[in-house]
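Quick setup: one chain, the form predicted alone, written in structure tokens, and binding and motion questions come after.
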Amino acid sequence: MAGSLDIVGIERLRPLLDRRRVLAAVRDALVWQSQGLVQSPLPGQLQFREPPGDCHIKFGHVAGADTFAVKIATGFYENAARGLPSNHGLVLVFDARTGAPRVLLQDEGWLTAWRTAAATALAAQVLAPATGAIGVVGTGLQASLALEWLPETLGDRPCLVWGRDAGRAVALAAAASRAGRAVVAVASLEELLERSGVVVTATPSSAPLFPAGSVRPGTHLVALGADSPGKQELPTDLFAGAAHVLVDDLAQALDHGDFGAAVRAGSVAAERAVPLGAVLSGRVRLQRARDDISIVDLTGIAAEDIAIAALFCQLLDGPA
């Protein structure tokens, strides 16, 4: 029926996943954000303690686009122990000319997971040193996806993984190895930091994972866990010694990112942050010295949800 809402489940979306297209869409989203082309207020957020979890509501519109999107994503961290997925969610796509809903993507949180993995891979490529392993801190879904997506931008580098639960870290490394990637679990976070040139933190931590002094010179860090108030992965004083600090969105990073915690602690000025999209587009060019420490703080932006939803709607309509 004309004007009816098309409801699309994950079983229709998963076969359409094309990493290179998702990377391109997320790159565009980050560039749009840096150019001020995205209307997206700070996200709505609910936080739960018993059991621990959160709900994010992100929404926005890119100037000139014929659709806008509202995304709801949840993460409940004890679900895995119950045999349930940790993430759920959906994206509702509206017509920007009439306000009518067009498509409901019942993606079970996978569009959020994929666009976050793409943003992580893009952020890792920017300012990455030429040597050293890739270190992934965490053992959840986003850590697993980082191991899958990082080779798309960094190539076939050896990967290390560490988590507070050593058994889960070993299982994650084994699963990645069976898929053909060179991944090993390490016994300590200190070992991971010592051996890695690129470090990705993908945890729901509420306190810094390591002291600033344990990060060796020349390390490029991508932190994606501090996506809501109360979360923090990086020590605030690490920002004081960083040569470069990049963010996906300054307002969000100041509100609830690791960068915001560092600004409030007086470790770094808000003006130090450079939009990741400006670097990806070439509008801002950064030079890296061998011993420079660089940080990208990812909080997850609505522009990415808009871009990946639009991409999958296009793919649902047929090949371009």
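Throughout, rigid core stands for the largest set of C-alpha atoms superposing within 1.5 Å between the two forms. In case it trips you up, residue 1 is the first one in the sequence shown, and so on. Just so it is clear, the structure is predicted and the values come from calculations on it, not from any experiment.
Separately, the form predicted in complex with another copy of the chain exists; it is not shown, and the next lines address it.
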From Thr203, Ser228, Thr236, Thr74: within 4.5 Å of another copy of the chain in the predicted complex by heavy atoms is Thr74
Another copy of the chain in the predicted complex has a heavy atom of only one listed residue within 4.5 Å, and of Leu189, Leu90, Ala212, Ala113 that residue is Leu90
Item checked: Close approach of Pro85 to another copy of the chain in the predicted complex, 4.5 Å, heavy atom -> yes
Check: Looking in the predicted complex, any heavy atom of Gly60 within 4.5 Å of another copy of the chain?
Finding: yes
Proximity of Val274 to another copy of the chain in the predicted complex, heavy atoms at 4.5 Å
no
Please run the contact check for Gln125 against another copy of the chain in the predicted complex: heavy atoms, 4.5 angstroms, yes or no? no
Testing 278-286, 249-257, 51-59, 23-31 against another copy of the chain in the predicted complex with a 4.5 Å heavy atom criterion leaves exactly one stretch, namely 51-59
Contact check, 104-121 vs another copy of the chain in the predicted complex, heavy atom within 4.5 Å, ordered by sequence, gives Leu104, Gln106, Glu108
- Using a superposition on the rigid core, decide whether the Cα position of Gly44 changes by 2 angstroms or more between this form and the one not shown. no
Once both forms sit on the same rigid core, is the C-alpha displacement of Gly53 at or above 2 Å between this form and the one not shown?
yes
